[in-house]
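Two forms, one protein chain; structure tokens for each follow separately as structure 1 and structure 2.
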Structure 1
Amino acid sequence: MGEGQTIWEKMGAIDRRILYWALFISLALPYIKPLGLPVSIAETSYALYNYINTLGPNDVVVMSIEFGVSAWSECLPGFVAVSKHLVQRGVKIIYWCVGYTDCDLTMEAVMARIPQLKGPGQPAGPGDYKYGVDWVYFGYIAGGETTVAQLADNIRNVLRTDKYGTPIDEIPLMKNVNSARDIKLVVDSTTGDYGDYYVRQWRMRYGTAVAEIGIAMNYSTFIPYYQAGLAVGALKGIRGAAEYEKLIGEFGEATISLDALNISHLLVIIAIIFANISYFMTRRKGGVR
């Protein structure tokens, strides 16, 4: 920068490396401490939140893991946020998967993010979820929509033990759970058509409430079910997850990601504004070369 340059000329000649460092530091801030920047909440996110708020300790919810490790960035935060809400409400939770063989890795990730979910043999203190009593995990179940339909008819015709080999009749949580009629809600988190399976086989046949946590592309294909009254809510990818984290008052990975995205966009907008101010001010003074 020359000694005789005006402030406008200096503004337009800022070294791009300064902008890169400003962007790097700004993006790092949410990972140090989530900012919780304002985010509008979609109707479908509110609807799922409000429905779960009607549930309590005598109710059972199925959380169906229908996304692989490759979709963690978009599906896992919402799945965790809804699970946290169920724990807050004291609802009994059944986890299983009929779509992806790597669901054990996803379940481990969920447990790591929700310390209240105590595994088999782990001591459970006040406020913790005791395995087999408050929650249970059945792992991967092959069969696609056929299995979804059979589970709706009679869970014991499909499942004999949980993931860890405990007979289903020895699991206290499953004592009075036999079919879709005993389940208050199925929350399917998917990158494919599994939400459709639950609507067809659980909602339309047995009246069980269904909701979906999906990638953004799935949201547009699932939303007609919500509009038709066949689903009680839906979360739209990482954006929907951030909305739900705000609703339950627990900032997590989705809020961090959205904060970083918003900050980066804000920085670009500020840079564009200052660049245009510099251009027009130097042009007016005849400073454009």
Structure 2
Amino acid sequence: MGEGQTIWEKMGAIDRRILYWALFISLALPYIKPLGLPVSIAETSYALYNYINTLGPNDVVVMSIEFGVSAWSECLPGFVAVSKHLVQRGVKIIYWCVGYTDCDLTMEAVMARIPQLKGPGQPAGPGDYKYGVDWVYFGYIAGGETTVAQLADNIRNVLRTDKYGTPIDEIPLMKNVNSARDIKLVVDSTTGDYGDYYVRQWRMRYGTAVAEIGIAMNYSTFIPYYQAGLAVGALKGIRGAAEYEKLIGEFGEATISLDALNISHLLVIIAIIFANISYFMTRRKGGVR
């Protein structure tokens, strides 16, 4: 900030480290004093919830982990909330990942948050999800959209064993599951374009229902599919996850994170207002921009 600058000019060219500290502190504040504001439910969250309510123990759903550890804060709570809903409904679940090599860590995190999901060899009591019978995990599958298309055509052409080396034909859940025709819903949780892949390769070709639990940024790119009837629902980032937690009645990480969302969004808006005041005051005084 040079000599002779007005207060408005200084405000317009504020050192970004001040902005970063302001954001850091405001993100930390809600953890000391939670706000606990109410949240309303968006139409797309309701739509996904209602669709899953039509499913039952004879249906199979694919949960596609298309986010890395880096996006846990935004994608994992929604992914867990939808998984919990599927467990409540008794729906069979297939987990796999086409995009991120660190998906094993994500699967571990999902299992840690849903105690009913029992791993291979773990005893399953009443109400638990027995591995191989009620749910299965195939790990990372390379190949992007090509693989998504091949999985739609014939799962056995791509997958020979599950993540733990069990041949696919020895997994009871997979007995009658061969292609996209045998899947009632694909829920794709993504930070990128994977929702598009499933719409193109599963919904358009086989009519399989598709839903997305994306980062908030992806919501706007996925909405055209929802409006065209090509998707049965979508969750908008951490807010969508909090809405879903409210819908299933199990409040979790998303609800806790909402305070940080509130404060950070408000801070950004206040900063933008300040920046614009500075801009107009500088322009009025004939400052150069």
Partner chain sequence: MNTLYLEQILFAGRGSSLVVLILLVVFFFIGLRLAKMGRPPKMRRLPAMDAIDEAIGRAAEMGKPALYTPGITGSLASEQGPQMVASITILSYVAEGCARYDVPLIVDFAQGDAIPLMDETLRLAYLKQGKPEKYDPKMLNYFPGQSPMVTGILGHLQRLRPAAFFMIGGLYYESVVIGEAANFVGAMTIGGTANTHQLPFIIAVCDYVLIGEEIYAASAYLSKDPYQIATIAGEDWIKFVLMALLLLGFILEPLGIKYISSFLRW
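Only the largest set of C-alpha atoms that superpose within 1.5 Å between the two forms is called the rigid core. For residue numbers, the reference is structure 1: its sequence is counted from 1. Quantities reported herein were computed from a predicted structural model and do not represent experimental measurements.
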Which depiction, structure 1 or structure 2, is to be taken as the form predicted on its own? 1
In whole degrees, what is the turn of the smaller rigid part against the larger between the two structures? 53
Having superposed the rigid core, state how many Å the Cα of residue 261 shifts between the two structures. 4.7
Core superposition result - C-alpha of residue 274, shift between the two structures, Å: 20.1
